[in-house]
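Next up is one chain by itself, shown in structure tokens, the form predicted on its own.
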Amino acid sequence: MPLPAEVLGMLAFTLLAFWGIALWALTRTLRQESRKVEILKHQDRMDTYSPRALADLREWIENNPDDPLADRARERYNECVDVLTQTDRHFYDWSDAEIERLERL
């Protein structure tokens, strides 16, 4: 007994949606990794946080100074600030003004 057209349509949609999203995600990831490799060919270090993520990390450090992970977070924050101020090419979209405003903790 053949499957109804609605079932076949839903199956086709599901497969296309799954594989479409999977291929898009794979392509995007490979492009990002290729960009990272290109940056690392020109310099030995690369920024590890986006502007928003670094701001969130700084806020967390300031709000949780006694947390057992605060020292480790501070090291990561300072490392990213050092990389941003010492390198020319960045993975994330950092403006010169944003980088100039950064301070080590």
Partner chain sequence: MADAPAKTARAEWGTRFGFLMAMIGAMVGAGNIWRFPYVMGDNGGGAFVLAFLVLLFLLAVPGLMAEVALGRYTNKGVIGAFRDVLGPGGMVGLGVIVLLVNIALMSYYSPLIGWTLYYAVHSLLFTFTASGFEAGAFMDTFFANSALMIGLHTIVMGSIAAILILGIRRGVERLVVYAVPALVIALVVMTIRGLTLPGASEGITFMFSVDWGALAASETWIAALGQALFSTGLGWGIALTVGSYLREYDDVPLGGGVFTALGESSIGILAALAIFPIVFAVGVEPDAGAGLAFVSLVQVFPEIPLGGLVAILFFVGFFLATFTSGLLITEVSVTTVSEETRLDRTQTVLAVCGGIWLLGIPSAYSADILDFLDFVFGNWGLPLATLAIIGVIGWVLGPKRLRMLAVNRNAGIYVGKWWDPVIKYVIPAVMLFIMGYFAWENFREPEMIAGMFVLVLFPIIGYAIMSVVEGRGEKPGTTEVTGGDD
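Only the largest set of C-alpha atoms that superpose within 1.5 Å between the two forms is called the rigid core. Positions refer to the first chain, counted from 1. Keep in mind it's a predicted model, so treat the numbers as computed, not measured.
What follows is about the form predicted in complex with the partner chain, which we do not show.
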property: Contact flag, H42 vs the partner chain in the predicted bound form, heavy atom cut 4.5 Å; result: no
property: Heavy atom of W94 within 4.5 Å of the partner chain in the predicted bound form; result: no
property: 4.5 Å heavy atom contact, E33 to the partner chain in the predicted bound form; result: yes
property: Exercise: N78 in contact with the partner chain in the predicted bound form, heavy atom 4.5 Å; result: no
property: Residues of stretch 20-43 in contact with the partner chain in the predicted bound form (4.5 Å, non-hydrogen atom); result: I21, A22, W24, A25, L26, R28, T29, L30, Q32, E33, K36, L40
property: Core fit, then T14 C-alpha moves 2 Å or more between the shown form and the other one; result: yes
